[in-house]
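The chain that follows stands alone, in the form predicted alone, written as structure tokens.
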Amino acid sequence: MRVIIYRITLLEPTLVTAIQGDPNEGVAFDYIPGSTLRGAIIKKYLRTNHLTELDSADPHIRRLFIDGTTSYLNGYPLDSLDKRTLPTPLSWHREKGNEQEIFDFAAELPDLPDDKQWQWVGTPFCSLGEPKDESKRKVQLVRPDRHIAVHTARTRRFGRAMPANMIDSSKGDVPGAVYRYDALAGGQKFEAITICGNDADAQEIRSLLNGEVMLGGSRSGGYGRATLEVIREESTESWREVGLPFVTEVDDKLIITFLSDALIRDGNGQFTIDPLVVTEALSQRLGVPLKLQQAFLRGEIVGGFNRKWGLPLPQALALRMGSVFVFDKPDCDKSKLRQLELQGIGERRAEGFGRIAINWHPGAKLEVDPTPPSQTIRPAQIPSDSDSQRLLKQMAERMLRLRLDERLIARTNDIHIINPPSNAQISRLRSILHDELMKETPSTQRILEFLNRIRERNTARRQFERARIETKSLLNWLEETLQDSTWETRFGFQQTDAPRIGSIQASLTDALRIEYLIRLVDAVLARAVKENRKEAK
């Protein structure tokens, strides 16, 4: 098996859209998916061989592009040493306010009780250096640059955007719209890998990994032009995707990190991220039972677009890249672990899905290397207090509110009041909530004072204490919720989840927290009012 490593230089912004964002925006991945690279290389193959389409029944074609003999791995950004980065493990956390130290919970969990506030590192890619002495291992955190542009869809017949009631679809008119592209910025370099299962194919593949290609969407709009350049070729016997020596165990543990999204099915044929199903799949590949200790994982909806069909691919739930599984050290040969690392797991491995690293990050503590990534482009400078900065800030804050609204709805659906107070009692409290929400800076002080007065009135107090949310009385739940000082406990949201536009990131301010806590309480009470009315009918 041969491994061909090549660089991708973006000559223009590149828009390979992920399934996220608002309906009127396209948000690109932070990397270049292997499926996109495979599509670009297929196009070069067709052009080189003067073909119009692939013969999928040809064994040679199947080996090169379809059956997984040849795998096209994702293109990830480079660090300051021009080294290919990898997805940041989800087990890496740091204490809130400390940007220099990282603790790997997969290697060692913090002592309990622990009053520190931990949060995920929040940067999508990293590169891990080798330790030079007993000091902490250095790690570089990398986030690719983005190119954000606002476009207007014009109605071709009029030459400008037109409202829906003034167009004629029978004449090919489409309504005008404003939309936003959040693409990878041009000028950046990424590194990708092609693994050739058949050595005889390596020379042919290598010839296709040089020259200019088009990547992603909106190609006629000035997006997607890039160049490929082969850096080197290696044998799989000496090559590891993580670039570090192979370690067979870490303190009697086996740590498996996913270096790309993985598509794994359960016994019913459904895609899943259930850790037990993933454990079973890994056990089958290794031929020994694995005992799961911990898992740090997230899900991701993946799709794609087939240019031959002109249709989007079916969406599926995938295990997100960076997920980490910790097992007891299995009783199996090193060769099986190496084989698992080389071949990956799950479906669509020819497109770079299911890549795995074994015991890649054995250290419990890491130190962030402050060296910035090599600057291949000069970022645009936005003057402070300018109209542009205010506009970007306003856009980021609106996006933040949209995401918080989604969390608010989801959280409200999870909270149910058992035996709620009468609608008259709830209405008195809700009128105060609405008064506060009408203010420019809502406060919980007046609401808490009203709850204190409820405690002094026997009839009202009995109703609010009789009502339950899980094991707490409604009165206690209201007081705890309104005095909650963190976003994580109520909404599962943190600063790193806040949207960013260029260098400007929306802030989770205290005023915003108070407003959403009041809205959460109001939404839960409104639901109780509706249920009371249904029971009264």
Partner chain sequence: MKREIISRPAVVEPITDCSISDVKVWLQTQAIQHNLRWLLAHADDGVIWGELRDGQLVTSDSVVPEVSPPLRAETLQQARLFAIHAELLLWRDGDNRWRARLIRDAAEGEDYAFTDAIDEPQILWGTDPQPLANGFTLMSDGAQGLRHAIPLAVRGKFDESSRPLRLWVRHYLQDDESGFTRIVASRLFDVKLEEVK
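Numbering follows the first chain given and starts at 1. Since the structure is predicted, the reported quantities are computational estimates derived from the model, not experimental observations.
As for the form predicted together with its partner chain, it is not shown, yet the points below apply to it.
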Note: exactly one of G287, G211, P245, G267 sits with a heavy atom within 4.5 Å of its partner chain in the model of the complex, namely G267
Residue-level question: is R349 within 4.5 Å of its partner chain in the model of the complex, judged on heavy atoms? yes
I'd like to know whether I66 contacts its partner chain in the model of the complex, with contact meaning heavy atoms within 4.5 angstroms. yes
Can any non-hydrogen atom of R62 be found within 4.5 angstroms of its partner chain in the model of the complex? yes
Please check if A57 has a heavy atom lying within 4.5 Å of any heavy atom of its partner chain in the model of the complex. yes
Considering its partner chain in the model of the complex, find the one stretch among 48-56, 485-493, 508-516, 468-476 with heavy atoms no farther than 4.5 Å from it. 48-56
